[in-house]
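There is one chain below, alone, in structure tokens, taken in the form predicted on its own.
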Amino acid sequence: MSDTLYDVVIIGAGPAGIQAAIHASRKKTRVLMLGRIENSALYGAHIENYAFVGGVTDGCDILRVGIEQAETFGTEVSPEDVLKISQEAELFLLTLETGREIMTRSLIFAMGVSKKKLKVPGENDFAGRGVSYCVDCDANFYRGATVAVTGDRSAAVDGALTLLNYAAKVYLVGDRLSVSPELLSRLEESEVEWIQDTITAIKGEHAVTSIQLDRGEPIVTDGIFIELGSKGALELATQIGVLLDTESFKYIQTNANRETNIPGIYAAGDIIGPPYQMAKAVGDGCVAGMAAATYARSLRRRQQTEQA
């Protein structure tokens, strides 16, 4: 068990996560926000429809100001990705890409929902027939098979390592990896074959049979996992039984306080559904941040009373 215990941990450093951090920190709780602002959809956007912000403002500037505000109120900020989440009694255990583990009384999912695509020939044709976007969801279908994973961040490396428990052969295709030294070391010491190249096409007949590389020979494979970026909110949420919406299974289901079906876990921003606007994300973050902090403070008082 980790000896680092927070009241509120927020996954995601976009407008929802930052606003949640500001409100949670102001309630005298220990808050950690995990994520990189450059991963937010707002980072490369230009804003002119947000109240109180005149003219056209770069999203990256808005995010940087928000981070500074959160830190001023006491939020700890770390660019680490989360690889796994589990529940231990009334606390949540998070495993980060550096290998360290932290505990928290409450948790807020504040990441987007879109899955990045490779945009190469064959990707759409073989979706669900050898092309997958979630190792945690589909690894079991490739027991004893040959599989490839592509991506340059923690999701791809962690996915390739996970697939070693299922597949007979695992390739990782990625030109440059932007991960922690600890995660890179685990990859280099594993049986995953890392190919420093890019995929230009996915081929097959009724299902995937190979992938074409930009500079190398084709790789014969039974499947390709496209894991671009960090672990998505849906993958992490479903690890611990958070319910999704029953119509599309694309969003996390919450109540008016932005709490999920699991006490202590909240969600805000694009991950709970449209419209995908900064104004809505900020509002969601405000509600989730205050609710999570209130929950964590109540739990902390009870735990302290029980220990006394």
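When you see a residue number, it is the position in the sequence shown, counting from 1. In this text the structure is predicted, and so the values were computed from the model without any measurement.
Although not depicted, the form predicted together with a small molecule is the subject of the following passage.
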Quiz item: in the predicted complex, which of the stretches 241-249, 255-263, 22-30, 276-284 has residues with heavy atoms within 4.5 Å of the small molecule?
Solution: 276-284
Quiz item: Could you tell me if residue 9 has a non-hydrogen atom within 4.5 Å of the small molecule in the predicted complex?
Solution: no
Quiz item: Though only this chain appears here, would residue 76 touch the small molecule in the predicted complex if you measure heavy atom gaps against 4.5 Å?
Solution: no
Exercise. Please run the contact check for residue 60 against the small molecule in the predicted complex: heavy atoms, 4.5 angstroms, yes or no?
Key: no
Quiz item: Counting only non-hydrogen atoms and a 4.5 angstroms cut-off, does residue 39 reach the small molecule in the predicted complex?
Solution: yes
